[in-house]
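Heads up, what comes next is one protein chain in two forms, each shown on its own as structure tokens, labelled structure 1 and structure 2.
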Structure 1
Amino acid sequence: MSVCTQCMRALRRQARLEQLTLSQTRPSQLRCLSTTSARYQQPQAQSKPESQVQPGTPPSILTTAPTITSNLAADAPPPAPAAGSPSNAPTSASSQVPAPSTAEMQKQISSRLGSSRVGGGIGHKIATSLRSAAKSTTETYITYGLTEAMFKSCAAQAPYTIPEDQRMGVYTGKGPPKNARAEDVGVPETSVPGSQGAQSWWFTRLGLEPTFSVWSQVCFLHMYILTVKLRTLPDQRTYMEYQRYLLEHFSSVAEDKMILLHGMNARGVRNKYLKDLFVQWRGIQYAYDQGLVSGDAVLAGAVWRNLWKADEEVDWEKVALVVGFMRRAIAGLADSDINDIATNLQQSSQYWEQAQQGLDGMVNLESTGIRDNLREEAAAEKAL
């Protein structure tokens, strides 16, 4: 286990202070810490006048470091001086207890930290007491961690990247290829944890392009599915914290992509795009909410406008697949706990993949009553 630099500096400083204190203390003022054996007791020394003590020569000290840190740098006390030997004989500098090395301090601290885990661990006890004493503060960090795990799962569903040679070619006119809407078209990214890369359902079955727009819209769609579940939290304040941190994670990653993949170095330009994305997120929540309440046709219209940019040549069967995926995913989260959802999404994207299975067969089924109006119109025409 490694020890941070600040801890090492503090330990070295404490060891030097202890060594300096010991070198400046006379034998008559110190006693051994042990009281169990008489042989460790310091004999009464005949104190010398200060004029007889040689300057620069440390006195003989039969004790260890002070009790507060003796477990880090102290050795066992040396045996009492033999009979007849002068008790006030000066001790050489080599007989003093040397300051512990960095490796020794790391080893001692690691062993203490490892042993403290027995019986619950001191870290667990400190975290428990801190959470009970400052619940509002610790809840913020817990919420931040949960939303980070949720967002990473959302961002890994349609990941993309721009090859490095194409990024550098933006300034020379040899950048990434453009689509009909003048968007940079990249390639599916395979290094994202929990992602299927080029085999993603959004690329293979729906035929979407690996662009920033598609990534953001697919990410928003999954964030909305989680938002529907977050609305069941017990109080409004907790829900707003989850909502805020979820959007903050998205904004941070989106800005990184603007800089690294698309060469947007001007902060003003990035802020403009981030503001537009925030407005889109607000509009998406309203449009998808209306679709969930009004019916599949309204929800399909919202998906078509956001994910396919209102393309008139869209394959509506693909739009229906997304609608079925959203309803199945929302229903699947109904009975799950928020902590369990974040843990499962952090481990794998199996939940999203399960919601995508069997959608083709469900979409091909004919809805009940879809032909009733046609039959009524046909019967009215025959009557005429």
Structure 2
Amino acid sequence: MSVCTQCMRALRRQARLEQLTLSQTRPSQLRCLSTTSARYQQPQAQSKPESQVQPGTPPSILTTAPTITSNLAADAPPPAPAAGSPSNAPTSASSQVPAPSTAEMQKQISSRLGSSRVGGGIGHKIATSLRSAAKSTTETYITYGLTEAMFKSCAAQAPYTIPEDQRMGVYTGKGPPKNARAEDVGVPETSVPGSQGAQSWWFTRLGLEPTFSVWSQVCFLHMYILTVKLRTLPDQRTYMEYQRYLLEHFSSVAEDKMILLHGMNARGVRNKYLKDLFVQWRGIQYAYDQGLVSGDAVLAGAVWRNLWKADEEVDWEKVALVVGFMRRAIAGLADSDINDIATNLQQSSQYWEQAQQGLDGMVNLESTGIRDNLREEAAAEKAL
């Protein structure tokens, strides 16, 4: 096919543009230092049924919301005709549309950079070389990534949202319903990856409401379980870094929810609530620590005060279920490595679900207190 000079100029321009985009995307490749690189680099490790897979195309490993730098694995409509041959790609791109979309450009670049994402492309190579050359400098990125994976799993356990038509209650007068504590009551969120949404144990079995307060308390509970494991890190400073990042992720998402779902546009109000949440988090750590060593009754008291806000009409069977869940989840983490835990939690909520199995049976067993008392009663009646 002969190419006219104008098309030749367009092709050269295109190639230069791609070169420029290539050099500009290098800083974002450093994000491969986090565990997100595992998501992009190893498709066989992932099996997410809810991701956007078109029939006939290789499975997408997209797990984050599409953004300008994270959408490397997106299928741009229409799909590129020949991902493998670089000479065809510029011609097809330039002949189809004058300015291809960002997703299309990124797809072309990534197909050229790494022949296959298994084993990683240039980003992964940069990441591993930086990691071996400057271990302590890159440590914080690793911590950030691991804690992000851990936190996302915690946040997915009791996910809630406020329907869009109820979010602007201040302006439209149609806000979300309020419960007896004057909290906004939302609905369980169904689109969180790795979460059971409305079928979550916390909503179905424990009957908790989908509110911000329940979401934050359930997050804290799971974060606490992970903190107990993080304390086993050899260095206290590393442990504190992990703690700080975990709380950082929580605060960031909590603030997002305050703005988007509850319409708290005033920074001062949000800061007040965030400080309150920090105090709650510190209190929870102390209370649950005390409960772990002092016995189930003390732990149940702590769970009752935090998760159920010291409700008089609480169902103690449910509190007992949560105590059982906590103990099992903590005991199960003893022998695993932190990296393995983060990877496991990133893939699914299976670990938490396993800890929830069989607790009803345990709670329903007849306790010695009931059995003995009835015997005493019967003996007293006989004596009379």
Partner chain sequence: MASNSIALKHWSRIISRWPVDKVRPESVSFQTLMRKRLEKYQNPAKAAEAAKVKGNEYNIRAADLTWDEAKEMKQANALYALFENRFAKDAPFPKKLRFPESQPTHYDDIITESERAPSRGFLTKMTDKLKGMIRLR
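What you are looking at is a predicted structure, and each value in this text was computed from that prediction instead of being measured. Residue positions are counted from 1 along structure 1's sequence. Take the two forms, find the largest set of C-alpha atoms that superpose within 1.5 Å, and that set is the rigid core.
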### Query
Pick one: is 1 or 2 the form predicted in complex with the partner chain?
2
### Query
In Å, how large is the C-alpha displacement of Q14 between structure 1 and structure 2 after the rigid core is aligned?
14.9
### Summary
Taking the rigid core as reference, the Cα of S367 travels between structure 1 and structure 2 a distance in Å of 5.0
